[in-house]
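One chain is shown next in structure tokens, namely the form predicted on its own.
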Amino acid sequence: MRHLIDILELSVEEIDELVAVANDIIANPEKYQEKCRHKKLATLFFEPSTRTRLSFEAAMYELGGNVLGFSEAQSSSSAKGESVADTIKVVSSYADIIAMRHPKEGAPMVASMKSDVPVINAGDGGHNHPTQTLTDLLTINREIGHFDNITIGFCGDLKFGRTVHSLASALSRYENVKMIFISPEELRIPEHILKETLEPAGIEYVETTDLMQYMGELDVLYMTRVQKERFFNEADYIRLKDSYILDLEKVHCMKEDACVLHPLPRVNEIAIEVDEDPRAKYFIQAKCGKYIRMALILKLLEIK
């Protein structure tokens, strides 16, 4: 039995395989309509979500399966004090596979140790979000065509942004990738990502507070919101929340074939006017999430 807690648990070959299957699902959806017939996905979301939860559910339904679960902690027995371990032990007797989001880092790992079925980490605190990373990689594959020989800029909340941590880790295994980390000093990329993942892989990276300095070099700009829910001090959030706002004037400084990604939800860090620019790919990115999660469900359930 296989779980997915951290993106680095997948080899480069497995990521390429998942991307290939997702592309085949997009091209030939009818081939996959009954692949998960009589299978059940449990979505256990202890933290709010729109895209991740609904894309998991849509993925399972489009594979011919069924879905059960809850969308907030207050809808579960955790509100009564039940432990994650007990919840998972019970739910894994009802479902064939589990997608779990939790505000506490490491909770999906605990769940995987107690589960009788595969567990997918759908986001744990500021730690990891491997299926968003697969979504990002599928989008880059479809828009850029390759993962090596690219320059990617990560902008915004890089300290608490689990999507940034996971994507940077995944791309560190490809050749000639350059990373530009753009953030306020208070929201810099964690030191352990730089020292334990990027530097051993020989990844070239730059840290800067200036959004425009490298704009013309980027193949991908990965925008993120400043996450209010990760702050203990509201004054700090208010001070930092508008640090970087991408408008059309800034986008026009990018390469014509570059793409702007965002894991969503957007607050105000990307102006609405950018949506109509051909480089804006974040809504396409959200759609890609359904297809890559379909591919992942098939892989973990060992369905050919």
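Residue numbers here begin at 1 and follow the sequence given. All of these numbers come straight from a predicted model, not from anything done at the bench.
Just so it is clear, the following notes concern the form predicted in complex with a small molecule, a form of the same protein that is not shown.
Requested in this report: Using a 4.5 Å heavy atom cut-off, state whether residue 49 contacts the small molecule in the predicted complex.
Outcome: Taking the distances in the predicted complex, the answer for residue 49 is yes, it comes within 4.5 Å of the small molecule.
**Report entry** Partner contact for residue 264 in the predicted complex: the small molecule, 4.5 angstroms, heavy atom
**Finding:** Although the small molecule is absent here, residue 264 would touch it in the predicted complex, with heavy atoms inside 4.5 Å.
Query - Residue contact check: residue 128 to the small molecule in the predicted complex, 4.5 Å heavy atom - result: Contact with the small molecule, no.
Query - is_contact(residue 101, the small molecule) in the predicted complex, heavy atom dist at most 4.5 Å - result: Looking in the predicted complex, residue contacts with the small molecule include residue 101, since a heavy atom lies within 4.5 Å.
Report task. Would you mind picking out the stretch of 174-182, 129-137, 200-208, 84-92 that comes within 4.5 angstroms of the small molecule in the predicted complex, counting non-hydrogen atoms? Result -> The contacting stretch here is 129-137.
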